[in-house]
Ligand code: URA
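As structure tokens, one chain now follows by itself in the form predicted on its own.
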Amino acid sequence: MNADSLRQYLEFYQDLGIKTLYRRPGLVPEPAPAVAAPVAAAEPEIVTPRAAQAEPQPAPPPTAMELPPLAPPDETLLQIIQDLGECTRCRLHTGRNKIVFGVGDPKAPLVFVGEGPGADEDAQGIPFVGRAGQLLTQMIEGTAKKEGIEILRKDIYICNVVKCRPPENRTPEPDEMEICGQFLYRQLSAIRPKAICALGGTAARAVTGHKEGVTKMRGKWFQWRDIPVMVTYHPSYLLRPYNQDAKREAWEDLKKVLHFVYD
């Protein structure tokens, strides 16, 4: 098993809440000697009465093996970017122009998580710079101003579940989200925000682990580790002309998370 496969198994078990793995000593067979030992002369077989035979010995107790942390302590965003490198870990790298890692204050108390880069983001290497990104900026800054909270977009941190643009802006596949998810985990662990806002169903499922649709999850608090998570609509959904009610709901969701973080 290679290192990446082992890490994925460990992450899977840790997400299930398993903190310790066990292995029994002696289960791995000893390698055969390079040169066979000489065969001794045959001895006559002696049959031992059943009562005199040794009782089977119980197996030795298992030894505990602590799981390594998924994110190294005191890791910085720069270290994560360097580890990501020119990533070729999943198929999404074949069609990308630029990796879209994240942007904003590395010590931000609020992090927004989207689904993945679009065409504009892929060209510039910055998340949420297209039409949906412009709307998100208006939502953050406009809502904050109306609520008397002095923040701008640059004061928060924005990233995506996957760092490369999916073809034709399709939804990322589960294996793509799993592979890229380790870097999202490390980003959130490095920043340690006071709250996270998940934009859209894909981000909500990736961050919270819940499988409901975004309409059932929005406006509610969930958790990522011990950090509160607010779920709301993705800005691209709000750009559709028939979603006027969703716009109002998204602004209400944003007011909740802004007051929670900055009050």
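These figures come from a predicted structure and were not determined experimentally. One rule holds for the numbers: they count along the sequence shown, beginning at 1.
In what follows, reference is made to the form predicted together with the ligand, a form of this protein that is not presented.
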Exercise. With the cut-off set at 4.5 Å between non-hydrogen atoms, does residue 116 touch the ligand in the predicted complex?
Worked result: yes
Exercise. Just to confirm, residue 205 within 4.5 Å of the ligand in the predicted complex by heavy atoms?
Worked result: no
For this session: Give a yes or no for residue 234: in the predicted complex, does one of its heavy atoms lie within 4.5 Å of a heavy atom belonging to the ligand?
Result: yes
Exercise. Is residue 128 close enough to the ligand in the predicted complex to count, meaning some heavy atom within 4.5 Å?
Worked result: yes
Exercise. Of the listed stretches (103-111, 116-124, 187-195, 144-152), which one has a non-hydrogen atom within 4.5 Å of the ligand in the predicted complex?
Worked result: 116-124
